[in-house]
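Just one chain follows, in the form predicted on its own, and it is written as structure tokens.
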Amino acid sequence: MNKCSFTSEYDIVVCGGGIAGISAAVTVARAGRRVAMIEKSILPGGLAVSGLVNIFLPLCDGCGNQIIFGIAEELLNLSVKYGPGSIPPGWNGDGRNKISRYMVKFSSAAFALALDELLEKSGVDVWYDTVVTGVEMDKTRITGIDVFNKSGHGIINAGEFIDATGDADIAKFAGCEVIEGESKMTIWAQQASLQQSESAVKFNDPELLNNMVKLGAKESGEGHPTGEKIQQGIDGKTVSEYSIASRRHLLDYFKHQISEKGENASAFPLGLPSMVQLRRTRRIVGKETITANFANKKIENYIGAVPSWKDNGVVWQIPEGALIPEGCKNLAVAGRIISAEEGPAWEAVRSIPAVAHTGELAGKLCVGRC
């Protein structure tokens, strides 16, 4: 058994420093509770930053109506605060615009800096480079999170906990039921291009410098690389296999650029993802589950709603029970791991605005119980 080198005490602990975790932690801090956010990397923002998924999908329903407000809208504005990108015309605060959808493309690096600033101003105690290794339990309650960092093994105690890991790690450690998903291979990376740079100067448009290469499967699953394994769930081997295979495809892409254009190849790699770009790993089995029947259906006990980013006019209401796993009394979840069935429902809750929204909802839920 590992010797405990340190302990810390908080009101609420948020595990995961992606968009869901940041939204939850900021919500808790603004409510006056002492909160820790534990993140295994040294950057905030999860897939939006380290995964280079740089599209903040719509806050609106595609029919002119803004559906998500609150922290999700605040983060959308922050994503373009220090980098290229701009709010679409017409979204001036009245929540209606039938000309364009309320979404932006951002620089992941610029977004990370804005998120650092937000966390510091909000008073969140951030634990970077800290890996969760397990949980301490008292029957059906978590009493502490086991962690490891440069200080050694430690326990971070609290009264309430939020799982925003993206993989339902805390729920799984606590013995809650989880369901594994399926991920076809999608690879996003940042590239530099002389042609794009020339266009950026010519048209005085810095957004053109935010140049991405996107390989592999689309959201529909079409385009999954031939011969590559479709990943089921997640474990240590999955992360390694997927990461190595993804970079191999990127290398082949840039090799092709060189073979086609020689030493004067216009495109070269500028930034690689530093976290695995898996779409669906694990989700919880909650007290309630969002199903396909929830689309445009009024739910009596709903606490939030998210629009479909694919289908105009489709809105999914979120019941409180979708954030509460069975079997643990002081754990809430946020982000893509909430209880939503495979298919359109899970697809709807995985987008950046949806995970920000559920992070805020989970934060409010735990503040109310704390």
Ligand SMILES: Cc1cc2nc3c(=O)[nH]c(=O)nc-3n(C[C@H](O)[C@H](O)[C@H](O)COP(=O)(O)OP(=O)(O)OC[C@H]3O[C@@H](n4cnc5c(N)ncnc54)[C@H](O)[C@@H]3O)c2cc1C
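The first residue of the sequence shown is number 1, and the count goes up from there. Just so it is clear, the model here is predicted, and its values are computed rather than measured.
The next section is about a form of this same protein that is not shown, the form predicted in complex with the named molecule.
Here the chain stands by itself, but in the predicted bound form one stretch of 160-168, 78-86, 224-232, 113-121, 160-168, has heavy atoms within 4.5 Å of the named molecule. For the candidate set Cys60, Ala340, Cys328, Ile38, a heavy atom within 4.5 Å of the named molecule in the predicted bound form is found for exactly one residue, namely Ile38.
Contact with the named molecule in the predicted bound form, judged by any heavy atom within 4.5 Å, is made by just one of Ala72, Ile156, Val135, Leu278: Leu278. When contacts are judged by a 4.5 Å heavy atom cut-off, Val131 counts as touching the named molecule in the predicted bound form. Although the partner is absent here, Ala24 lies well away from the named molecule in the predicted bound form, with no heavy atom inside 4.5 Å. When the named molecule is considered in the predicted bound form, Gln257 lies well away from it, no heavy atom lying within 4.5 Å. Among heavy atoms of Gly46, some come within 4.5 Å of the named molecule in the predicted bound form. Contact annotation for 182-202: residues with any non-hydrogen atom within 4.5 angstroms of the named molecule in the predicted bound form are Thr186, Trp188, listed in sequence order.
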